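The chain below stands alone and is given in structure tokens; this is the form predicted alone.
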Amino acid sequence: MKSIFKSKRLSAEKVLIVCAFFIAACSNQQQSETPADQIQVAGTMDAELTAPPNVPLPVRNREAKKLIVNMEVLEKEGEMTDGVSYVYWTFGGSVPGSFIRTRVGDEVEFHLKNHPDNKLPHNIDLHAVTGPGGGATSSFVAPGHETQFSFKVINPGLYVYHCATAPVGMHIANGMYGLILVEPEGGLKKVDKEYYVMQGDFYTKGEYGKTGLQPFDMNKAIDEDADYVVFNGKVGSLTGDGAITANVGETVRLFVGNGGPNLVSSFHVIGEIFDKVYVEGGSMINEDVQTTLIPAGGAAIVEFKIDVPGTFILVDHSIFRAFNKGALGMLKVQGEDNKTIYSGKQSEGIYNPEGGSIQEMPGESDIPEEAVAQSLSDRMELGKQVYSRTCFACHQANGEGIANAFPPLANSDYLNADVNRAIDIVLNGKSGEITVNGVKYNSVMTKQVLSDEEVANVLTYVYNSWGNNKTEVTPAMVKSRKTGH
């Protein structure tokens, strides 16, 4: 009898627990069904704004607030790639602009300031705004002035914002775009790492890698003939010291936007599969996705768990944009190997060396000479420019290479042992196994279509960087390797 009563008592307790869960669920459902435009705010707070690739702290369970956003428009010269500068128009001084993080029900009081040194009027169209022009009609502001408008965020999601001052395309093409996140009530699920990545296409008078201050080219923009397609405003912004990081076992969330103004992004992380994709930044979730389309003026949230260490390459899988126009970044992961998931074997061809210049396989014709260095410092500077457009994708900006794929150039025993061999490899290409600093590599180096002067310059830059032996390579040395004299 005691056992029967005990069993009945446990059953009753279970019923009570189940009822409690149903009551709590109904309560939460009722709370979540409150129309967003009727959610009452509790207090005021200043919005935390961050430059890419960083994002503000999650909203978690905070109540809806009156959120004060202070944003300044700055027109400033910056680096597109080594030796190439560009006058960017920015929200908050960065391209993309400052990341804004809100929650459903927040009342945003937006202050847009146009720096007095700027030359042009600007405004802002936030795709998260329900109202004429997304705020553009209320935010037009001349240099040296400030404008203010307010809006309530009522739809969760990840949204683009951009300048909408005529000519709209020019303002966007010069870097005036960013992301605003509207988290649902209760916030997004907690993850270990979050980053902000946004693609944009740029149009310059000079072709890719043409040095100096490059102006915007309207005709190229109209023809959608981009010279640069980049993440976070410049070539190499997410490589080398700028690479994003994670550890094995962590879950990474990327807030990915596409400012355009023209091109659709085929966003992909080489060696990873997206566990979840918030399609077009909205509430629909797709799972187990390899590559996700992000339209110009659109966004997506991607999440994935890191299972193995290594360097994972972020690309626009319209692949020439990645390796020839700059749409390439890196996620560096540290931690223990998992041989069950990945044995360590490499598939040749994934990381073929490519860059901004045209490349050919060994045995094809050269191009004529161009710039001529007058001194070692000239040769170094010109060599750095060649390196940035032909070598950085595989060997990285700091010469460290990519583990198990491409050998390091930094402090390289293989490179320092024989300068003539290095010249021959650049001139003729190289395939097959080599050992660098005690590690074996078996990949392909295509012939670089460079003049004698350019070969001398880039090798001089490499030899005089990253702990190498400071050899100066001259065009005469290169020519002698070609002719055998």
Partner chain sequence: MKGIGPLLLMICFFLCTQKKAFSQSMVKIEGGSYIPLYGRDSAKIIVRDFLMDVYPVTNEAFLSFVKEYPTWQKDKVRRLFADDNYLNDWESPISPGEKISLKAPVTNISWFAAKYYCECQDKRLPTIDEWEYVAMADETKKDARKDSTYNQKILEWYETPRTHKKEIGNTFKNYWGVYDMHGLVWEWTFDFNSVLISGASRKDMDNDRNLFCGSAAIGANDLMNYAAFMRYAFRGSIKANFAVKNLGFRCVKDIQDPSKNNSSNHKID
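Numbering follows the first chain given and starts at 1. From a predicted model like this one, the values you see are computed outputs, not experimental measurements.
As for the form predicted in complex with the partner chain, it is not shown, yet the points below apply to it.
Within 4.5 angstroms, counting heavy atoms, which one of the listed stretches 115 to 123, 306 to 314, 98 to 106, 410 to 418 is next to the partner chain in the model of the complex?
Of the options, only 115 to 123 has residues within 4.5 Å of the partner.
Exactly one residue in Glu280, Glu381, Glu72, Asp217 has a non-hydrogen atom within 4.5 Å of the partner chain in the model of the complex; which is it?
The option sitting close enough to the partner is Asp217.
Using a 4.5 Å cut on heavy atoms, which of Asn338, Thr245, Thr137, Ser377 is close to the partner chain in the model of the complex?
By the 4.5 Å heavy-atom cutoff, the listed residue in contact is Thr137.
According to a 4.5 angstroms non-hydrogen atom cut-off, is His111 in contact with the partner chain in the model of the complex?
Contact with the partner chain, no.
Using a 4.5 Å heavy atom cut-off, state whether Phe91 contacts the partner chain in the model of the complex.
No.
Classify Lys193 as contacting or not contacting the partner chain in the model of the complex by the rule of any non-hydrogen atom within 4.5 angstroms, answering yes or no.
Lys193: no contact with the partner chain in the model of the complex.
Contact between Asn174 and the partner chain in the model of the complex at 4.5 Å, heavy atoms?
Although the partner chain is absent here, Asn174 would touch it in the model of the complex, with heavy atoms inside 4.5 Å.
Looking in the model of the complex, is the partner chain within 4.5 angstroms of a heavy atom from every one of Val141, Gly144 and Met170?
Every listed residue reaches the partner chain in the model of the complex, so yes.
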